[in-house]
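Have a look below at one chain only, the form predicted alone, in structure tokens format.
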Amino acid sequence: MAEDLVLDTAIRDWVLIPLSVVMVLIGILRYFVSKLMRSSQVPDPKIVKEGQVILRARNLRAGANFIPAKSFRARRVYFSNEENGLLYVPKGQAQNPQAQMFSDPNMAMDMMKKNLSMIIPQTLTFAWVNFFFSGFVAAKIPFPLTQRFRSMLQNGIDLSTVDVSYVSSRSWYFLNLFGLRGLFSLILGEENATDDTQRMMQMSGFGFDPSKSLGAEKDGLDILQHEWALPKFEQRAETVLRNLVR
């Protein structure tokens, strides 16, 4: 039987709130530090052009059913044609992102700076949390949870009798670490609010491979089944008018 705990208000004032405020301030400070460390370099026109082509192909797939079938087929040929289509990449011209990164020292240096700006603050913050706040029960989730969430929410507390909905201070640190994207999007803007999950995914890669994205968009256009939506709108409007007349 899980035990109910009465949390002291001092824990809220000296553990829960300071942890949240420090995590937000560190995220904002890390963004400005990484912005200052970023080297200013002119983007490659070819990469910019390929990115715009990918965006246009995605918009075509998203709005394909709102244009006639003949117009959609013409646009699909324009993009996925294997002779001069914008999305077609010959096999010999595919770029290796790893070789591209190692051939460009600025790209490798930017990646190293980005990784350092993420790893060093996280290491220092986790050491601070682990030293001063280890073992505290900081908060309680206002709804019941299953036992599978115990290892995620009660990191640092080895008590199986405590209800799963209670959150330890160490787990609260990790929840803030990976869950503050919405707040950062309000403070820094949507384009600048990259959470730590995406940063870790970027660390595992060596660069952007445009040939894979172009090929994926080409495959998406090739398998897309066009179904013009205008007749459905006409039928729906006719049904609405008949119901109004009745």
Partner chain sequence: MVTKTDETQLNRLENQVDNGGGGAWEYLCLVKKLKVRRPEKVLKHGLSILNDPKKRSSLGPDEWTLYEQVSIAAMDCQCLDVAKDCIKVLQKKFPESKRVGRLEAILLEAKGLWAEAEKAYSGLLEDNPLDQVLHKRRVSIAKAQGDYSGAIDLLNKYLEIFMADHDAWRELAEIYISLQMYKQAAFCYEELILSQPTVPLHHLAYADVLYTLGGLENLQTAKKYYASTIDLTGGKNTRALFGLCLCTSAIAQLTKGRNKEDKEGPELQSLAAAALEKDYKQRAPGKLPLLASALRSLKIS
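Being a predicted model, the structure only gives us computed values, none of them experimental. Just so we're on the same page, rigid core means the largest C-alpha set that superposes within 1.5 Å between forms. Numbering follows the first chain given and starts at 1.
The form predicted together with its partner chain exists for this protein as well; it is not shown, and the discussion that follows is about that form.
- L241 belongs to the set of residues with a heavy atom inside 4.5 Å of its partner chain in the predicted bound form.
- Residue contact check for V6: none of its heavy atoms lie within 4.5 Å of its partner chain in the predicted bound form.
- Although the partner is absent here, V53 is a contact residue: one of its heavy atoms lies within 4.5 angstroms of its partner chain in the predicted bound form.
- Interface membership of P231, defined by any non-hydrogen atom within 4.5 Å of its partner chain in the predicted bound form, is confirmed.
- Site annotation in the predicted bound form: the residue of L86, M118, M111, V162 reaching within 4.5 Å of its partner chain with a heavy atom is L86.
- Of the residues given (I17, L224, A237, L25), A237 alone sits with a heavy atom within 4.5 Å of its partner chain in the predicted bound form.
- In summary, the region of this chain contacting its partner chain in the predicted bound form, judged by heavy atoms within 4.5 Å and restricted to 28-36, 178-186, 212-220, 59-67, corresponds to 59-67.
- With the core held fixed, the Cα of N84 is displaced between the shown form and the other one by 2 Å or more.
- After superposition on the rigid core, the Cα of E227 moves by 2 Å or more between the shown form and the other one.
- Taking 2 Å as the criterion, I54 counts as shifted between the shown form and the other one: its C-alpha moves by at least this amount when the rigid core is aligned.
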